[in-house]
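This document opens with one chain alone, in structure tokens, the form predicted on its own.
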Amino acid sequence: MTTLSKIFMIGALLVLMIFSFGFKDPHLELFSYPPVVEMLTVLTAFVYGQPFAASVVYGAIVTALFCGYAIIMATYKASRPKAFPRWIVSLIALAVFSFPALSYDVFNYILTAKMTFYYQENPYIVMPIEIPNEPMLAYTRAANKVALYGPSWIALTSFPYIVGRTSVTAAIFSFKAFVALFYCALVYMIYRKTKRWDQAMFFALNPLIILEGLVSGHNDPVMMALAVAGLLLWHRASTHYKVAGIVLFTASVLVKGATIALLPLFIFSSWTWEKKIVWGYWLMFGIFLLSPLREELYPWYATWWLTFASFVPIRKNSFIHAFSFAVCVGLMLGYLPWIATREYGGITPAIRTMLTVVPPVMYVLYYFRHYFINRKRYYKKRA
């Protein structure tokens, strides 16, 4: 692992941590210390006032993150440590203490928890907008909808809500830190099962996982950690472990519902672990592709199949890992047109689709070109 790759990733996340606060809603007051308030005012004026320049900064950050990630994954085997690389803790801290710039879902989590535990209302019946004089309504999206997530997620949010209920700033970071715990649990489970840190790093250092899981604080790592833990326990011989596995898997399904697609991995008990993780990858990738039928193809949904890709052994010319890398690049570039225009309509969706689709399509064409060339050479040698 080169020093350059560390500098790329730590430097990019440091810039991102500062830059992210420029995406703060003007109605949201995070801090009261005058120098910090002034700095946030300058950052917000830059992001909202010069959107094209802001998109260039974002593009540079994403490029640096993916370059650092690619270097690490290309050189990791040659310098594989016996312990978890401690410098990654700084990456996690920088990401957790960044503002959730690319999504407002964490505010929906906070408000739903507040509806449940503070107002003691049923979030599946009462909408946040029905609560008079609720200050979060000024900057929260989807306030005119009932709870969008399952009961196990709402129950789990009681922990970060209690920790961060003193202020919205504390709530943001407590919810993000809560998601980070499950991110760490996933990294640990990947290593424990594979006995290889390069497999764990494939997940832990993926820029999409860092940006969507740790920076934006989406609950997908929570859902996947519960599902993977359930699957690992189900794979054990003891009946007690299997019961615990089913309980955790059910809790995962009741977070967002997507992991119900993994049910065949529990039904077909004769399948080997190697077969299950490959099937898990493609099952979750299929649900990922079908997600636009409900709303749209959200980048953080990639967490679903990236989790299983991290268990698949990394080999030379591995299609799953290289294809996953290309898809992640496209998904993160898809934010560029929105940042540059600050619009969801017009030409933005078309440009976003193009930026998202081009990297994986280019890789697939490259892969099959080399596949057919090598196959042709093979038959020539045999002749």
Partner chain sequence: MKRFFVGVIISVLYCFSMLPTVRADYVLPYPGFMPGNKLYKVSRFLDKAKEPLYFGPLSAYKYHLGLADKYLVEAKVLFEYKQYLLAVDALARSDKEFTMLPRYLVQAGKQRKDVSLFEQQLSEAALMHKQILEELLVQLPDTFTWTPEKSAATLLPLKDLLQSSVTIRSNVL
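Everything quoted here is computed from the prediction, not taken from an experiment. Numbering follows the first chain given and starts at 1.
Below, we turn to the form predicted together with the partner chain, even though it does not appear here.
When the partner chain is considered in the predicted complex, Gln120 lines it closely, a heavy atom lying within 4.5 Å. Within this chain, Ser270 is remote from the site of the partner chain in the predicted complex, having no heavy atom within 4.5 Å. The closest non-hydrogen atom of Ile125 lies within 4.5 Å of the partner chain in the predicted complex.
Of the heavy atoms in Glu130, some are within 4.5 Å of the partner chain in the predicted complex.
This chain is displayed without the partner chain, yet in the predicted complex the stretch 130 to 138 from 168 to 176, 130 to 138, 238 to 246, 273 to 281 comes within 4.5 Å of it by heavy atoms.
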